[in-house]
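Here we start with a single chain on its own, the form predicted alone, put down as structure tokens.
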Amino acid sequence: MEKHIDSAVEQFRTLLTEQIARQQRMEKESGATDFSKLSKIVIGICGGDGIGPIISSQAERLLRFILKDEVASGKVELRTIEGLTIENRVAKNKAIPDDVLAEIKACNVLLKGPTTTLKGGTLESANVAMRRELDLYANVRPVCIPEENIDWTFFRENTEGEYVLGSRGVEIPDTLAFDFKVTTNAGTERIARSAFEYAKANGKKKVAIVTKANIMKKTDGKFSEICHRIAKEYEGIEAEEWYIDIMTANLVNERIRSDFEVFLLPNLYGDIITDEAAQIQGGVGTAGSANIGDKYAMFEAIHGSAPRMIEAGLGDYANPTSLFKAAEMLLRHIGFIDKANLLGKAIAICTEEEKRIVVTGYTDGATCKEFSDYLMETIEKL
């Protein structure tokens, strides 16, 4: 037993040293990319697993349609990136194979289909690895239900918490296992500032800071303290303290849920509660997700690769709306605001107003391609 304890202590020392070094690197970060100053913006398209290649191919079609003038002039380039599949990742025993990561880093932004994450083992999630490798610290997920006066924007810290060391826990065989949760000052400060800057720029008056600081006193306690300190710099914006368990209940409380505007959360809580919020909006297939860093950004659907749909032969009937909303966020991020607004308006018409063609996920509904055609026809009419 002493041998196992010594090994675990040495492993923890290594992890601790790495995380201190990461904190020091964050303290030296430079400013964000100014896309208006780039001579060319490179958008990578990554299919992923399961239904990913199906919905990604339609999202690429959509972007080429919307950006046809910019692609023709050379202002925008769309690149298809192969190899981020579960088969390739398992074969190379890497969350993101080196050659694939190099291709991704040669792009400015990425539109990514869902990837499969294996249960157990040591192969890390591709998403977690990408967020770390590209330092995509802000996961931004909007949820909007106009008829219920719901307009929520979630700012989830994306590179820390339980996920940063999720595949590197310590185990004493046949006895116990530890996983680790990491909260750094620099990591918390930058996600907090992102949330409050968004609130300030968009006329929002409330930011809900959501933790379990009453129980996770060191990590969540630090997150809460730093967020409230940053909040003092933003006059006129109220910082509210909530615990994650009651907040999950608040989102389904029709009496008060429309009072919330911006949410600021650590990694794990943000992952869970944004799926709940998307379900309230109409399902996880209806929400897009942005993963934003200072140099890179990655946009994706919030749902998984839906292997059961593939097994049932229903892949062509997958709903692409979540990835299309991610494409809208991508356009907005790189400065094509008018095009993003146009796409957002067309999605609303096709999914909320006109609904002439509906994707159900089954053969009684439209295929992914049929819905994409419908959306592009709608854009042409606007």
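Since we're looking at a predicted model, the values are computed, not measured. A residue's number is simply how far along the shown sequence it sits, counting from 1.
Here the subject shifts to the form predicted together with 3-isopropylmalic acid (IPM), a form of this protein not shown in this document.
Engineer: Would you say all of 190, 193 and 224 touch 3-isopropylmalic acid (IPM) in the predicted complex, counting a heavy atom within 4.5 Å as a touch?
Structural biologist: Contact check failed for every one of 190, 193 and 224.
Engineer: In terms of non-hydrogen atoms within 4.5 angstroms, which of the given stretches 277-285, 88-96, 202-210, 127-135 touches 3-isopropylmalic acid (IPM) in the predicted complex?
Structural biologist: Correct option: 127-135.
Engineer: Quick one: from 103, 271, 162, 151, grab the residue that has a heavy atom within 4.5 Å of 3-isopropylmalic acid (IPM) in the predicted complex.
Structural biologist: Flagged contact: 271.
Engineer: Which one of 250, 219, 117, 108 is close to 3-isopropylmalic acid (IPM) in the predicted complex, taking close to mean a heavy atom within 4.5 Å?
Structural biologist: Contact check passes for 117.
Engineer: Given a 4.5 Å distance limit between heavy atoms, list every residue of 141-157 close to 3-isopropylmalic acid (IPM) in the predicted complex, or none if there are none.
Structural biologist: Contacts from 141-157: 141, 156.
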